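First, one chain by itself: the form predicted on its own, in structure tokens.
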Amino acid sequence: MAGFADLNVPQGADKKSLQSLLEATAHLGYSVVALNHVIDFKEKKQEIIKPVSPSELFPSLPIVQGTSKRIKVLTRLTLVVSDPSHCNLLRSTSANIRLYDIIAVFPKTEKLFHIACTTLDVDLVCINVTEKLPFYFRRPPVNMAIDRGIYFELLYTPAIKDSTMRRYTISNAISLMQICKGKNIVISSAAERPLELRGPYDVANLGLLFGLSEGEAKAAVSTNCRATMLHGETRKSACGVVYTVKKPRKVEEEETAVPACKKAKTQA
């Protein structure tokens, strides 16, 4: 299994708080985190700035619990879009956008959700878990996103903070699972304090409440996160990235591979 990852750690202005969050994620066993810079066009007109290099923020990165390797820090940009005109920024050839390791979009309407799934060049589509969704998920855009290698992100921190948001989180997640069948799901924290973080196996258990199977829940904090990172690398380089996995041979295949004469001798 690939290493565990949390692809949504808010990038606040306080470096000390960010350092403690990073140390907490490494202590819990996460090998990769993504510092999330959010741009909400509803608040005010904002420009996309260059991502801050992790080496500038942290003099030394913490070592992942149970390993001898240091945690890997990625950069992420999330655009909260409430109008179709906001998507033009993603369609433009902005040099600063290409500098981010992961690009996510948070659509507020059904039309924008459809656009994000079918046309936008992004890695993640964020699902609202803090309130009731104003629309129903439909199969065509969801299947199109899966075919394009785009993943859907669910946050677990709101479910820990408040019972009402817990109800919305579970309800919205189950609605999505009924359409995507547990495919292409990533579970992240968006934790603002170390106390809000949970270990990867605890998060996988939360995934069971969201309607995921045990294997799908574990993939949501490991292999699916890696696939999202590889999708981001492909987007940045404008070419393919090959990721190979050795497939274990089945017993039946091994038996058929044995010559018939040799098999007869062993049976005799």
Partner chain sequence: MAAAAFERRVLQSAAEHHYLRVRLELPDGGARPNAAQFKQLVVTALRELHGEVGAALPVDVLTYEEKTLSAILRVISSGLVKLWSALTLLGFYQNRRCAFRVLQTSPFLLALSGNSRELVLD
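Note that the structure is predicted; figures quoted are calculated from it, not measured. Residue numbers count along the first chain shown, from 1.
As for the form predicted in complex with the partner chain, it is not shown, yet the points below apply to it.
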Contact segment among 74-82, 120-128, 186-194, 171-179, judged by heavy atoms lying within 4.5 Å of the partner chain in the predicted bound form
186-194
Whether Leu209 contacts the partner chain in the predicted bound form should be assessed with a 4.5 Å heavy atom distance threshold; does it?
yes
Can any non-hydrogen atom of Ile146 be found within 4.5 angstroms of the partner chain in the predicted bound form?
no
Partner contact for Leu28 in the predicted bound form: the partner chain, 4.5 angstroms, heavy atom:
yes
Residue contact check: Gly66 to the partner chain in the predicted bound form, 4.5 Å heavy atom:
yes
Sole residue of Ile160, Val142, Ile115, Ile97 within 4.5 Å of the partner chain in the predicted bound form, by heavy atom
Ile160
Between the options Asn205, Thr223, Ser213, Thr234, which residue brings a heavy atom to within 4.5 Å of the partner chain in the predicted bound form?
Asn205
